[in-house]
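Let's start with one chain on its own, the form predicted alone, as structure tokens.
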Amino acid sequence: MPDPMRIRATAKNGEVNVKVLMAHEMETGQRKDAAGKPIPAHFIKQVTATWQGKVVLSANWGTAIAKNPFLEFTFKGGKKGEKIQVTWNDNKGEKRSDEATIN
């Protein structure tokens, strides 16, 4: 299973700022290893963030995202003590889901 995401969510003035650091290799499929063989593509395809059962962010990604991607977004309505959950799925069927408490 992939390493946990590092999620920080902070509420201020009726908005929640969320910062997420994901551990993922994000291979494009265009690089070659030391022997000259292509490294297979392995990248996050979809990221979803939910709060109170509502989707507050949905993103479709491709190969142009950097290794160990960082994502920051803001949404309205969250309060301190509530949970936000972030989930990603990649092109090899791996999935990771983590949550954080809003501070």
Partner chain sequence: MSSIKLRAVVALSGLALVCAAQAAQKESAPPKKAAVHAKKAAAAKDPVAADFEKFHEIMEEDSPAELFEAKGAEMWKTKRGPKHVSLEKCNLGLGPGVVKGAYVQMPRYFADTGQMMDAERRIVYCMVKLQGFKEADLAKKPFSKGSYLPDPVALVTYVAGQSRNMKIAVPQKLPQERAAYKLGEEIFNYRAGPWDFSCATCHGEDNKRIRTQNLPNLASKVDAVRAFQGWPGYRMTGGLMHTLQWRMNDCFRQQRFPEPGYASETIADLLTYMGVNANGYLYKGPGIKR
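Residue numbers count along the first chain shown, from 1. Every value quoted in this text rests on a predicted model; they were computed, and no experiment measured them.
In what follows, reference is made to the form predicted in complex with its partner chain, a form of this protein that is not presented.
Does its partner chain get within 4.5 angstroms of any non-hydrogen atom of Ile84 in the predicted bound form?
No.
Indicate whether its partner chain has at least one heavy atom within 4.5 Å of a heavy atom of Met22 in the predicted bound form.
Output for Met22 is yes: heavy atoms within 4.5 Å of its partner chain.
Taking 4.5 angstroms as the cut-off for heavy atoms, does Asn68 touch its partner chain in the predicted bound form?
Looking in the predicted bound form, residue contacts with its partner chain include Asn68, since a heavy atom lies within 4.5 Å.
Going by a heavy atom distance of 4.5 Å, is Thr63 a contact of its partner chain in the predicted bound form?
Flag for Thr63 set to no.
Could you pull out the residues of 36-66 that have any heavy atom within 4.5 Å of its partner chain in the predicted bound form?
Residues within 4.5 Å: Val55, Val56, Leu57, Trp61, Ile65.
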